[in-house]
Each structure stands twice: as C-alpha cells, then as structure tokens.
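One chain comes next, on its own, written as structure tokens: the form predicted alone.
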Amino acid sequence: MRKAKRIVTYLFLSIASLFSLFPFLWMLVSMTNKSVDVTKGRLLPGTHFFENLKQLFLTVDMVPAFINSTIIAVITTFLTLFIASLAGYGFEMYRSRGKDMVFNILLLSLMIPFASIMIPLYRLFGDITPIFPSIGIDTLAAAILPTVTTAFFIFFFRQNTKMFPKELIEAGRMDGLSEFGIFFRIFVPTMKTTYAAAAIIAFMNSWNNYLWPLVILQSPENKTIPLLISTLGAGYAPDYGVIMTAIVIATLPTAIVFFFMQKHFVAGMMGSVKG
C-alpha cells in the first residue's frame, strides 16, 4: 500500500513537472524553428537557430537594451535589499510607540495597484525634469526610483528578522559596536540566505518590469529588454522564431541569478538564518 502511494506521488510530481517545464522547453525548441513551424506547434528542434539569431540582431538593437535592463535590475536589487532590510530590522528590533500601526498602514499599500498611481508618478517626474533632468522623464533613474522597494520586501525582512538571535545584538553592544556596526557586521552576514531569496525576487521583478518603463522611457536608446521584445510582436507579420530567440536571451540573466543563489533561496524563503 505504501509502495503504491509512493508510485502515485512520483507519477503526479512527474506530470506536474512536465506541465511546468513545457513552456520553457517549447520556447527552446521554437527558437530553432521557422516562424511558420512555430505557429503550427512543431515540437521538434529545427535548424534555423542561427538564422533567427542573425535576424534578431538585424531587426532590433539588443545590446543597449540588455545593458539598460542590467543597470536597472542591478541598482534596483541593491537598493531594495539595503532599504527593505534596514526597515525590516528597525521595525522588529526597536521599540517605539505606534510602530505596529505604522507597519500595518505600510502593509495596506500592498492593496494599491501600481496602475492607479502611475499617472501621478508620471506628473511628479514631469515636474522634476526641468529642475533635475538626470532623474526626470526618459532617464534610467526615473525607471528605478519608484521601484527601489515595496512593502512586501519590508514585510519579508521583518518576518525573517524574527528568527534572528537577539543575543548577538546584545553581544555586539557589549563589545562596543554602534547600531549600524551591529547591522552591517552581524545582521547582514548572518541573514545572507534571506538576502539571497530577496535578491532573486527583486532582480526578477525588475528585469521583467514592463508597465512603468513603457510609460517613463520614451527614447529608443533607453528601451529595456521587455519593451524591445514587445516591438518584435507589433509588426504585421511577426517572426515567432525570432521572438522566441529574443525571449530565451532575455530569460538567461534571471536563470543565471537563480541557479547561482538557489542553495540559499529555499532557506531564505523559510526564514532560516543558517549559512
């Protein structure tokens, strides 16, 4: 009975894994086929990968878009980790009057859709542009600043900070460390699994962000990878082989980041502070 149950479990997990991986496998196969084969649903690898790759680089300027997406994603991830972890640490470690009420109000912001604040944000950056052109409309800074952190990441770090041993903080204070010294020299190294999990989520969110860059970035030289891919499908007769090739290239950075830090991802999501 136990053996039959185990077989059913493995069979279910295998089928679920196949369904989960199928879109990615189909994307890999499609980038080696002609557009007409992709529309027919061909599931076998073809011989048109290099033709699709050549056509992609002839059609759009991938390198600047790749660099723009990398700059935005890396800076956004770094600022998100720094601000959210500092806020989460402060909310959990320090006592102050009304702290929980402020935190609950902060969590309410999760219910506000970004689309509802997009127009006010655009007008705000429009007012800033004549004064500080370097962070105004159509700059990478404008694409980064509204997304540097969210209430979710502050909540995530606060929940993980609950597992942090408070004795280490007292030991740091007894050794004469300042509060920032305790944070950077004790808290940050101890919570590296939490930082790894948050870094993966923040990088993926920023890399795949489409709506805000579409609104704020207007020059062709400032386009990001998602915006560039959307232009490939906007023609009268889109080449799906080329589009699939672009999507695979766009997926590589997030896959590399995930596989590089996957050992810490599960521990970080579980709230562990083990290295």
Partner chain sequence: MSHLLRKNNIGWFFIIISVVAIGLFYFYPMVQALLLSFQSGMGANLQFVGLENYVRLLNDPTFIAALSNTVIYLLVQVPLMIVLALLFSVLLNDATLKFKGFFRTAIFLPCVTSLVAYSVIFKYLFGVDGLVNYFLVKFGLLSEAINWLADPLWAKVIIIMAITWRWTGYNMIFYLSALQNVDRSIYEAAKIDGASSFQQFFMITVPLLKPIILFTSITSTIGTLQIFDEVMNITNGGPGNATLSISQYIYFLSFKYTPDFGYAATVSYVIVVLIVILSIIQFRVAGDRK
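For the two forms, the rigid core is made up of the largest set of C-alpha atoms that agree within 1.5 Å on superposition. Being a predicted model, the structure only gives us computed values, none of them experimental. Residue numbers count along the first chain shown, from 1.
Keep in mind that the form predicted together with the partner chain is missing from the display, and what follows is about it.
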| So which of 198, 191, 143, 154 gets a non-hydrogen atom within 4.5 Å of the partner chain in the predicted complex? | 154
| request: Could you tell me which one of 71, 124, 163, 171 places a heavy atom within 4.5 Å of the partner chain in the predicted complex? | output: 124
| said: I'd like to know whether residue 55 contacts the partner chain in the predicted complex, with contact meaning heavy atoms within 4.5 angstroms. | reply: no
| query | in the predicted complex, does residue 116 have a heavy atom within 4.5 Å of the partner chain? | reply | yes
| query | Using heavy atoms and a 4.5 Å limit, would one call residue 230 a contact residue for the partner chain in the predicted complex? | reply | yes
| With the partner left out of view, is residue 94 within 4.5 angstroms of the partner chain in the predicted complex by any non-hydrogen atom? | yes
| query | Would 29, 76 and 260 all count as contacting the partner chain in the predicted complex, using a 4.5 Å heavy atom cut-off? | reply | no
| remark: Those residues of 65-104 with a non-hydrogen atom no more than 4.5 Å from the partner chain in the predicted complex are 82, 83, 86, 87, 89, 90, 91, 94, 95, 96, 98, 99, 102
| message | Following rigid core alignment, is the displacement of the residue 38 C-alpha between the shown form and the other one equal to or greater than 2 angstroms? | response | yes
